[in-house]
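Here you get one chain, nothing else, as structure tokens; it is the form predicted on its own.
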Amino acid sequence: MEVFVTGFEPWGEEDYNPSGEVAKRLDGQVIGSARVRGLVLPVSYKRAKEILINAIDAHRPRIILGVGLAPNTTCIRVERVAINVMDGGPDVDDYKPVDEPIDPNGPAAYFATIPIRRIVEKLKENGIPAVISNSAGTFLCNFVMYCALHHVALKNYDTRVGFIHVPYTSQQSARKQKTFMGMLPPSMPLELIEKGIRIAVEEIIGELEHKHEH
């Protein structure tokens, strides 16, 4: 079984992106019965889609778990839904869509096909703060989640797709300027973020294997 874990390159004011770092760290590792392929995507609507779609068609993964940075989040957020809209930027190619559909012929939204509640509960059991999130935004994170779900639906691939937002790492937060009420942005150690993504992958694999047995 092959699992894609996708992350993003640094962009804008961020010279470091924990989502891309986790994808690189997990690349080539074996989790349960699966081997992880880490993909680090550019923060570019056009190029991220091309790289992702080509990789899905070439490798036909059973699981795709996207990871993205959410600068002011306090915990790991497991996304429930991706919506068919691009409204954010500019991306690194200076493209700034406003209220544009990702696919004019696609459905308004897709739900994640991973066990989001089980993942959140397992993360919390392991001392990692986590919540179900009902908005992945309208920038590249939502875009990648929607593109993956839409593509596997169109191709009728048996692939589970989900997306997780992660906070700044502790080192990132320490380098930031003070914000509201003199506080630094919330953060989490990179090792804990990586452990959280690994647990999420384990839960998705576990659900797939349980269904296969029945």
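Keep in mind the model is a prediction, meaning the values are calculated, not measured. In this text, residue numbers run from 1 along the sequence as written.
The form predicted in complex with a further copy of the same chain exists for this protein as well; it is not shown, and the discussion that follows is about that form.
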query: Arg80, Ala108 and Gln171 all contacting a further copy of the same chain in the predicted bound form, non-hydrogen atom within 4.5 Å; finding: yes
query: Non-hydrogen atom contact Ser44 with a further copy of the same chain in the predicted bound form at 4.5 angstroms; finding: no
query: Proximity of Asp99 to a further copy of the same chain in the predicted bound form, heavy atoms at 4.5 Å; finding: yes
query: 4.5 angstroms heavy atom contact with a further copy of the same chain in the predicted bound form for Ile205; finding: no
query: Contact flag, Ile199 vs a further copy of the same chain in the predicted bound form, heavy atom cut 4.5 Å; finding: no
query: Within 44-82, the residues that have a heavy atom no more than 4.5 Å from a further copy of the same chain in the predicted bound form; finding: Asn72, Thr73, Thr74, Cys75, Arg77, Arg80, Val81
